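To begin, one chain is listed below as structure tokens, in the form predicted alone.
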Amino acid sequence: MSLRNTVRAFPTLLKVGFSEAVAYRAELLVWVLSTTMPLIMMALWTAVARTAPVGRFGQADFVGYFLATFAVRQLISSWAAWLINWEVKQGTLSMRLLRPISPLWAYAAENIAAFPMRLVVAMPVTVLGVVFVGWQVVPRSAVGWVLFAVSIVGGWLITFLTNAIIGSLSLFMDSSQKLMEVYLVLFFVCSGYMYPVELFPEGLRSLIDWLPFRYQMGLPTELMTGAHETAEALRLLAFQWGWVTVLAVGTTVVWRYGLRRFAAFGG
């Protein structure tokens, strides 16, 4: 499983993953439809802001924020935890282990390969945001776009690595899907997915600032809608990539120790 083999095989894995994403586009569409919670929250919060702004958010600001949230959700998604759980339970993980690269790279390639399909969904929503709200729903400078792109990569890595850790825990137990469900509840509450993080009470927001959820979802949305100056954006990106580093180390450790316990039987 050398780095050289991984680099050489990764383009092929991306091609295979893209073919699977196209072949299973109906399933992908169902997955996208399951992420429409921001659109529901947009309707609720714009109703709340009808008479007076909530914090700095008026009705138009909530529309822009939640359309950006929907678009960002498409770009940072990963389903590695469910896939690892299923393959461990079925024993098919053994087939991946016979290949000359780590299965983690294969899972990553399959998730990345679906990115163009998800971009097809995210782009029209972003255009709608510009039409209905204005250019404040997208970065308004080249630096802003670069910071947003970096935050999307960081947000996706946090999502994937968290999925990989929770999926790898299925090597120690019958299934880690319940843990994933708990994680998703925390994600919905603390990430800015259902409401902007800055609307939390000060004490709770200070706690959330130290957790990974905001850097997974909320930070890319905030940078997309221009909520921070460059210096503050860089500080938050440093936090985000700190979490990426911690989760990468955690994934490596849990995966390697978990594989020692893996056993598949067939006939």
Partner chain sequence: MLRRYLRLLGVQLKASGLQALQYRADFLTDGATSLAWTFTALAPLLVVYGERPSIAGWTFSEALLVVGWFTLLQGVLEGAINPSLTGVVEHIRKGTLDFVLLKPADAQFLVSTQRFLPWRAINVLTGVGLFIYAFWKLGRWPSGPGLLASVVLLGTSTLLLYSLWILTVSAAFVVVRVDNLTYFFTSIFDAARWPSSVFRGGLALFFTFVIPLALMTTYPAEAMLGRLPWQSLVGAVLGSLVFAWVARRVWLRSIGHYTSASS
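Numbering follows the first chain given and starts at 1. Fair warning: this is a prediction, and the values are worked out from it, not measured in the lab.
Beyond the structure shown, there is the form predicted together with the partner chain, which is absent from this document and is the topic of what follows.
**Q** Any of the heavy atoms of residue 34 lying within 4.5 Å of the partner chain in the predicted bound form?
**A** Within the cut-off, so yes.
**Q** Would residue 238 count as a contact of the partner chain in the predicted bound form, using a 4.5 angstroms cut-off between non-hydrogen atoms?
**A** Residue-level check for residue 238: no, no contact with the partner chain.
**Q** Although the partner chain is absent from this view, report whether residue 181 comes within 4.5 Å of it in the predicted bound form, heavy atoms only.
**A** Yes.
**Q** So, in the predicted bound form, is residue 189 in contact with the partner chain at a 4.5 angstroms heavy atom limit?
**A** Residue-level check for residue 189: yes, a contact with the partner chain.
**Q** In the predicted bound form, do 90, 209 and 255 all reach within 4.5 Å of the partner chain through at least one heavy atom apiece?
**A** No, none of 90, 209 and 255 comes within 4.5 Å of the partner chain in the predicted bound form.
**Q** Report the residue, out of 105, 145, 115, 82, that has at least one non-hydrogen atom within 4.5 angstroms of the partner chain in the predicted bound form.
**A** None of the others qualify; the residue that does is 82.
**Q** Can you check 48-56, 211-219, 64-72, 227-235 and let me know which stretch has heavy atoms within 4.5 Å of the partner chain in the predicted bound form?
**A** Flagged stretch: 48-56.
**Q** Just to make sure I understand: among 59-81, which residues lie within 4.5 Å of the partner chain in the predicted bound form, judging by heavy atoms?
**A** Nothing in the stretch sits within 4.5 Å of the partner.
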